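One chain comes next, on its own, written out as structure tokens in the form predicted on its own.
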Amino acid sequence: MKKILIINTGGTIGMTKTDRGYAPDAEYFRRAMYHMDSLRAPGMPAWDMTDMLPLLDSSNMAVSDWNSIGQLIAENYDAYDGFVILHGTDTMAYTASALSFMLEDLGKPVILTGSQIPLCEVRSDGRENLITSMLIAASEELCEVCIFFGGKLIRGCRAMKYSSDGLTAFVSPNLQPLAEAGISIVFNRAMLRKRPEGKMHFQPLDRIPIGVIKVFPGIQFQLFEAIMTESLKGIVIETFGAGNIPATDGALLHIIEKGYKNGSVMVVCSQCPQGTVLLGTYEASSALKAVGAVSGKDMTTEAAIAKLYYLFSKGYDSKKIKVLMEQDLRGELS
């Protein structure tokens, strides 16, 4: 029988009502898990569960928590066939992206899931998400970090949160789902990553100073100049369309050039969920490339941030990081 480890980090799925609204409740959730007959039904894998204390609303998730999750997987890697991470939806795509890079040469499934409605409620979507995630984590089909939610299995470093209240909370705008769960769980085998030959290695992340600038009409770029110091290692710029920026008398280009001279890595992503950044296609984007910015292509902002954390934590210099940001490492780029 396959055996998986469930790592409970918190999130809506395990919350109960309090006087201050929903809050994580480890004791309630553990009792609920052990009283779900379906988790011991024929065909289900054996499982253990561990709680990351304190349990978190995922809006409080930080780099140190990513490291704690990764460390738990690394320490238990040989004892289990797969892992399910229960996580809040707000930052699930960030955690999935981070783990995709941190768990090098991953040869087993790591599935993040949760719910929009707590398990304590009658209409909770958590039961189906949990049960199917456990089955996928026990499958030999998969060897990467994914999110399972609302009947779809999405590559972790391709996911973004789509809805704050719909049961289809996540989408993968530039990559089809890796599997869909209907009457059966059907994998898109042509899209699955190949099993690595090497042994899994866990790369913890350092607390690297990274920023995000979202371009909008009327933006006053000079307000951001003060943060462009030598301490800022990376910055993701969310531009219009295929990488376009407003002229604004070259204010942004001046700031990027300053960051470039300070050794910061500037990555251009698009505000459009679907499509890719093509620096130089339009005059409005060619100047970015000229001052040293690199294209995030069709990466999500979540993946771009996680990738910057990872590459800097590997100890690479900015020149190598710029090259690797435009290369596919975990399926984050088409």
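Keep in mind that this is a model prediction, so the values were computed, not measured. Numbering starts at 1 and follows the sequence shown.
Quick note: we don't show the form predicted together with a small molecule, though the next part is all about it.
Q: Based on heavy atom distances of at most 4.5 Å to the small molecule in the predicted bound form, which listed stretch, 230-238, 191-199, 82-90, 135-143, is the contact stretch?
A: Single hit among the candidates: 82-90.
Q: Which residue, Ser172, Thr95, Ser115, Ser264, is the contact with the small molecule in the predicted bound form, using a 4.5 Å heavy atom cutoff?
A: Only one option qualifies, and that one is Ser115.
Q: Report the residue, out of Thr276, Ser58, Thr301, Asn67, that has at least one non-hydrogen atom within 4.5 angstroms of the small molecule in the predicted bound form.
A: Spelling it out, the residue with a heavy atom inside the cut-off is Ser58.
Q: Quick check on Met15: any heavy atom within 4.5 Å of the small molecule in the predicted bound form?
A: Taking the distances in the predicted bound form, the answer for Met15 is yes, it comes within 4.5 Å of the small molecule.
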